[in-house]
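One chain is shown next in C-alpha cells, namely the form predicted alone.
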C-alpha cells in the first residue's frame, strides 16, 4: 500500500521493506486487486499489486529474462507460446524476441492491469501488445486453460505468488499442473516463477513436487531481484530433456540464431544459476 511518500513491500509473513516513492501515479482497486504505479528514488517506476512489488524499471529484466529465456532455449523450436498473467507485457516482450515464435497468447484476468501497463509501463511492453503475433485474452487463466482445444510448445506462468492474492492460487495446484501438462506439445516446456522459498518453503515445495509428478525434467533456480528484497525462485519443467543437458554453447547458440538480445541471461549465467545448494532445492530456509 502507499503510505505518504513511501511504499511498503511485503516480503515474508513478518518481514517488510520500505521503498521511497517520489510520485504516486496510480493507486486504485480493480475488481480483483489493489493496483499501484509509483516512481521511486532507486528503482525508477514500480508496479505493485496488493502490496507486492511485481517489477521495477531498474531491474525488471532480471526477472523477465529469467522467467522466459531458459524455457524458450530449452525448446528446440518454440512456435506457439501461452503466457498466463504477465499484465505488464514484459514477459510477452521477451517471448517475442525469439524469431521462431509465430503465435503468443497472453491471458490475464485483470483488464485494468493491462490497460494501466499500456499507459504507464511503455518500457516494459515496448509495443509487444500490438505485435501481429500477439493475442491478448482477458479471462481467468484457469478457465481459459481448462477449455483449451489446442496445444502450445511453451507455457510461461507470470502470475502473482503462490501465497499472494487469491486470484492466482488455484493456478499453482496439482490438478491445474496436470492440465498444463496435457496442453503442452510432446516436447513442451513450462516455466513458472515460484515466489520466495526462503520465506514460504511449504508453498514452494508443494509446487515443485506437483511439477515433478508430471514432468520428466524439473529444474529449479533462483535470481536475486533487488526491488523484491529477496531471491526469487523459478522452475522450468519439461516433457523432454532438462536445462542441465544443454551446454553453455548450445544456450548461446540458440539465443543468437533466434536474434535474441539479453541484458542478463546467457549460457554462462544460466549454467551458474542451476548450481544451487542441496537444501535450497527443496525450499528450506536453513533453520
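Positions refer to the first chain, counted from 1. Everything numeric in this text was worked out from a predicted model, so none of it was measured.
There is another form of this protein, the form predicted in complex with a small molecule, and it is not shown here; the text below is about that form.
- Every member of the trio 85, 110 and 193 reaches the small molecule in the model of the complex with some non-hydrogen atom inside 4.5 Å.
- Contact annotation for residue 175: none of its heavy atoms lies within 4.5 Å of the small molecule in the model of the complex.
- Under a 4.5 angstroms non-hydrogen atom cutoff, the small molecule in the model of the complex has residue 47 among its neighbouring residues.
- Residue contact with the small molecule in the model of the complex: residue 228 places a heavy atom within 4.5 Å of it.
- None of the heavy atoms of residue 260 is located within 4.5 Å of the small molecule in the model of the complex.
- Note on the interface: of 211-219, 139-147, 69-77, 92-100, the segment with non-hydrogen atoms within 4.5 angstroms of the small molecule in the model of the complex is 139-147.
- None of 207, 105, 180, 159 but one reaches within 4.5 angstroms of the small molecule in the model of the complex through a heavy atom, and that residue is 159.
- Comment: the small molecule is not present in this chain, but in the model of the complex one of 53, 223, 251, 38 has a heavy atom within 4.5 Å of it, namely 53.
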